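Below, in structure tokens: the form predicted alone, a single chain.
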């Protein structure tokens, strides 16, 4: 797959709890060709992004939907279950953005490790669901991935199937850089360097699309990220000015469409 220019937006607008407002904004973003819609930011979080993500899965059909998940108020077992369900509901279009917020140093990183371990408790081909033989799953392919970290001690396996993407997309924000050497996407400010498979530069809707494209072709960035202030107006401008940089996507899941497929399972 050729390298693709990625477009991402985020909002912490509390009106995400209003289905009419949220549907109109998500629909506009999807039609604009935006790849990722991040619900919540380090400085602004909606009521419960994971819950809203479940609703958004049914209200959209193509765009990647990403939930901000604060470590201080989340438990890995529940996060793993909830996000796995959303990945099924969205047909493999979900992601998460762990936030450290007011939590102790290292807590968010511990949460990421615990959640990933729970997802790895199921092999991709564990489920059989064969009515003729009466076999539902292959128990030999379910592992007890018990996690013991500095903040979380989590017994596994999780009682939820492995997400369609294996691990749902891991996004980190440079304003609250959770340490993850193998993050999928980093949202970075000018001059900021974070380890990730794709780096999206935080920029303004008024910035120069041509200059952004040049930096993409030089390999400095993999796309652009915009923090929405006036959501509908900003999305319209992004579509007009940056939409031409986005090519058609191929693949069923978000990982496949963004060229971030897992090469192997743990």
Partner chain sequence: MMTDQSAPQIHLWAFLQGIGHYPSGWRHPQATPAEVFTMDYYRRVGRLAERGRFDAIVFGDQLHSRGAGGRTSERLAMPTLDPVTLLVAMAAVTEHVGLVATISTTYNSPQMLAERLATMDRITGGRAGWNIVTSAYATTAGNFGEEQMPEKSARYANAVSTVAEATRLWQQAEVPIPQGRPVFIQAGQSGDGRDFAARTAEAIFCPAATIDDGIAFRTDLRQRIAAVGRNPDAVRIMPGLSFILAPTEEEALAKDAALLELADLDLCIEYLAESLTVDLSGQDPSAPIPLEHILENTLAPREDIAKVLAGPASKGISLGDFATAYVRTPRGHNVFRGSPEQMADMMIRWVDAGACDGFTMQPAWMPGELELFVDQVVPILQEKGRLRRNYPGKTLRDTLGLGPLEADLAA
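Numbering follows the first chain given and starts at 1. Quick caveat, the model's predicted, so the values are computed rather than measured.
Omitted here: the form predicted together with the partner chain. The next part is about that form.
- Contact with the partner chain in the model of the complex, judged by any heavy atom within 4.5 Å, is made by just one of 113, 194, 175, 85: 85.
- In the model of the complex, residue 258 stays away from the partner chain, with no heavy atom inside 4.5 Å.
- Residue contact with the partner chain in the model of the complex: residue 198 places no heavy atom within 4.5 Å of it.
- Remark: residue 122 counts among the residues lining the partner chain in the model of the complex, judged by a heavy atom distance of 4.5 Å or less.
- Under a 4.5 angstroms non-hydrogen atom cutoff, the partner chain in the model of the complex lacks residue 9 among its neighbouring residues.
- In short, of 46-54, 223-231, 28-36, 210-218 it is 46-54 that has heavy atoms within 4.5 Å of the partner chain in the model of the complex.
- Using a 4.5 Å cut-off on any heavy atom, the residues of 127-152 that reach the partner chain in the model of the complex are, in sequence order, 127, 129, 130, 131, 132, 133, 134, 135, 136, 137, 138, 139, 140, 142, 144.
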